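Coming up is one lone chain in structure tokens, specifically the form predicted on its own.
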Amino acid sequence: MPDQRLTRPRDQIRVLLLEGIHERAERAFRDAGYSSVTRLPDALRGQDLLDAVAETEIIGIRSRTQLTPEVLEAGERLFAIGCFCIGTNQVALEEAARRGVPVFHAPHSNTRSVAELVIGLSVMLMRDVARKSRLAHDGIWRKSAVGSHELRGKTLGIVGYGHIGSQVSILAEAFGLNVIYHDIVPKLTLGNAHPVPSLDELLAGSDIVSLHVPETDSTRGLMAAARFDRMKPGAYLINASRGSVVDVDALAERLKDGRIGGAAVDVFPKEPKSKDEPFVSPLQGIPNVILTPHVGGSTEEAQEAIGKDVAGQLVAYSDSGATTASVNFPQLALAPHDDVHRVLHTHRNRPGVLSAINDLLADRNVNILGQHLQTRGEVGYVVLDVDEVDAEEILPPLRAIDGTIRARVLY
């Protein structure tokens, strides 16, 4: 069960930021009045992580810290999690929701950084830069125009026309590329790009194929042997989305036999868990293959934006109860609660809880000024603005209501 103590003032809420999260995040918390902030350069594991979570109300992580059900169980005080990155697979999301802990992330803050890298990789692939650079490092002067091409006039096929894919589209047109895209959801076309009805049509018509899809059951193994064979002979592949999307063994075979002209891969099915673990891939050592260590969004600008955005979401939840950016929790957009008290109640999504809350407040002559309720799966979340309420008096009976997961009062 969550910690049953009363809501703590900002300067007593402990915030832990791991994995070298940008200093902008710490500054955002401190500017909002959260003075107990610890920022560490690395991930925590094992007992160190369990001990740290047990003493923390808000935790910020990136991709290497694993918040498993066991870790969440240790976090009795924990009431919010921030993933300072795009993905949230490192968190047991449903378990967090069942414990009344919303999870926030930054799905769009590194969009520009990824898009710019994709364009840069496109130039490098079309000019065979990786091979020529390697030869030059070895003392071999291989000056030749053979196999080198401009981007202008070529066709870029974008698989997944979301925030990143559409930004790649805009930048690509500035280079003179023709842009086609395929997405399973109809999307508003930007610039002169145009959609194609099937992935196979995109593969057959593209000089460069760039992947920008999330990791789902339908995208795992999306690019396997059969799909590589549908690509235009000699075309190039870029993957800056998710490692599970590409069968790297099949890709290595098609690169070695020349079916695919080159590839740039930033994400892999299996990635080292730390800088001390060696990286191994069947793509290593193949000419005109660019391998980067999952750095698509790793720019100072992106990390600062992520730090600001996710810290802002966490502060908004802690201060007002707003959950609009959460990935695992009922979503409520809430205005600041000036001159009122705010009651936050997370509960099992079952009949009778809301009426029990209202009856409890009515019995204590608490005037309700506003009420907001949203549910998601097993979890319900209700926020009530009231004239005035004594947290020490009201929280114990609120938490005693059958189905209650967590309750807080904000002044």
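We number the residues from 1 along the sequence you see. The structure displayed is predicted, hence computed values, not measured ones.
In what follows, reference is made to the form predicted in complex with a small molecule, a form of this protein that is not presented.
*Asks:* Name the stretch, out of 123-131, 327-335, 88-96, 264-272, where some heavy atom lies within 4.5 Å of the small molecule in the model of the complex.
*Replies:* Selected stretch: 264-272.
*Asks:* Is it true that N110, Y161 and S218, all three, sit within 4.5 Å of the small molecule in the model of the complex, judged by heavy atoms?
*Replies:* Answer is yes for this spot.
*Asks:* Does the small molecule come within 4.5 Å of any heavy atom of H294 in the model of the complex?
*Replies:* H294 belongs to the contact set for the small molecule.
*Asks:* Are any of the heavy atoms in P195 no more than 4.5 Å from a heavy atom of the small molecule in the model of the complex?
*Replies:* Taking the distances in the model of the complex, the answer for P195 is no, it never comes within 4.5 Å of the small molecule.
*Asks:* Are any of the heavy atoms in V114 no more than 4.5 Å from a heavy atom of the small molecule in the model of the complex?
*Replies:* Yes, V114 sits close enough to the small molecule in the model of the complex that at least one of its heavy atoms falls within 4.5 Å.
*Asks:* Looking at the partner-bound form in the model of the complex, is H341 within 4.5 Å of the small molecule by any heavy atom?
*Replies:* Contact check for H341: no, nothing within 4.5 Å of the small molecule in the model of the complex.
*Asks:* V213, A74, A302, A322: which sits within 4.5 Å of the small molecule in the model of the complex by any heavy atom?
*Replies:* In short, V213.
*Asks:* Work out which of G157, G307, G165, P102 lies within 4.5 Å of the small molecule in the model of the complex, going by heavy atoms.
*Replies:* If I apply the 4.5 Å criterion carefully, the residue I get is G165.
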